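Here's a solo chain for you in structure tokens, the form predicted alone.
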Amino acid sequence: MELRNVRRSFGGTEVLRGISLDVPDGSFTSLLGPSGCGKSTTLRIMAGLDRPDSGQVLMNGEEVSDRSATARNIAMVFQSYALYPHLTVAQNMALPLTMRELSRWQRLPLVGGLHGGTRQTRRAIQARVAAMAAMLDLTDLLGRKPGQLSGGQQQRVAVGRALIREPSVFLLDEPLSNLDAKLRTQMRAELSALHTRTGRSFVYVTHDQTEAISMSDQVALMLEGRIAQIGPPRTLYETPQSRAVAAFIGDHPINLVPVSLAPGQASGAFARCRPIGLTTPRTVVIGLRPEHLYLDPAGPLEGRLVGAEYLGAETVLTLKVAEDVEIRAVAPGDVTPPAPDSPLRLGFAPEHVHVFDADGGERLDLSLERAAA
């Protein structure tokens, strides 16, 4: 599936501002971003539940913008699961096949049984439901109704109902958001394994970067109706193309510090560093992730300890390194921090430094290293 320069407005508000996205066959693609950035609208346009104001939606190179959801052979799992409460698990899962493969008269309880081929078709549907239930570990739950299931079980039923019709693309709109943290971790692993087994294209909408990074082949980070960056999860983390991308990606908020640079010299908190690749003076924003800063008695960054937050496996240290400038560093959990206001020094590797233009925010091909003593 491919989107080309898709735009969509509601009233006077432009929600999608030229979205172009290629979903390779068999890939797991996540649309990641904060609430209101246009993720769900993009997914609905892909599904055929909404139509773009302009731009193209292509499947296998063919324009499908005007085709309905059913004509696109796309399955979708919603945040609420949308299961029918009066139907059993087996009936919920069989419903897409029943609607597609049986006529209106064949679906009637009494009259349908008199129609030629109905019993054979129903047996085939039951066999496919049984096979899907076995794959999703739902066999023992086929006779239950949704109200008798846990959140994780309901999620698996919704996934099974979508997959059973063998869609060409499988769309998921924040399907784990209603689950607790432990169950979300379990279901992430189950969805990844399911994607591997089926080989189908998955498009997954989430605001949770852990979900996107842990499951996806490619992540499209959406900000304010645009795709800010798309690529493998590692690329977005290690090489963010803008300050906005760097600020969104990462378990700990990245440190962003304005700095004036000149050839061979940096200012402020980075005065003990020298720029790499700079030819003319300029003002930039230095980005350093807390997990890439480490305690170093000879480190180029010096400050005073403001606070220490113990998180078990790690301790987050906050240092004041200049007037109105604080940075955070992640130390191992067994580190015993000194008393507040104690001096500390931090080191970093040049490859972990991100340099952004102070005005536009785009990534610059520069770095920093410790200046010679």
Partner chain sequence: MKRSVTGTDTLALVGLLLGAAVVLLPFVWMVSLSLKPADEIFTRGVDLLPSRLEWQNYVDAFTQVDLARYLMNGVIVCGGILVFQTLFAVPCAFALAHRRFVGRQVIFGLVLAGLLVPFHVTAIPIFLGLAELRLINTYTALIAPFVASVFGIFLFRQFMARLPADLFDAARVDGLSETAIVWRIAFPLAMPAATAFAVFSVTAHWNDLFWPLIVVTDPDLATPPRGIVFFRDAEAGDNVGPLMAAAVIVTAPLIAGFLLAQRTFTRGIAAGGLRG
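Being a predicted model, the structure only gives us computed values, none of them experimental. Positions refer to the first chain, counted from 1.
Same protein, other form: the form predicted in complex with its partner chain, not shown, and the subject of what follows.
Contact with its partner chain in the model of the complex, defined as a heavy atom within 4.5 Å, holds for exactly one of S80, T210, T196, T279, namely S80.
For the residues A271, V285, L149, L95, the 4.5 Å heavy atom test against its partner chain in the model of the complex is passed only by L95. The three residues L3, V23 and R200 each lack any heavy atom within 4.5 Å of its partner chain in the model of the complex. Contact between R119 and its partner chain in the model of the complex is not found at the 4.5 Å heavy atom cutoff. In the model of the complex, its partner chain lies within 4.5 Å of some heavy atom of A75. Shown alone here, R289 lies farther than 4.5 Å from its partner chain in the model of the complex, counting heavy atoms only. The closest non-hydrogen atom of R165 lies within 4.5 Å of its partner chain in the model of the complex.
Heavy atoms within 4.5 Å of its partner chain in the model of the complex belong, among the stretches 300-308, 41-49, 329-337, 342-350, to residues of 41-49.
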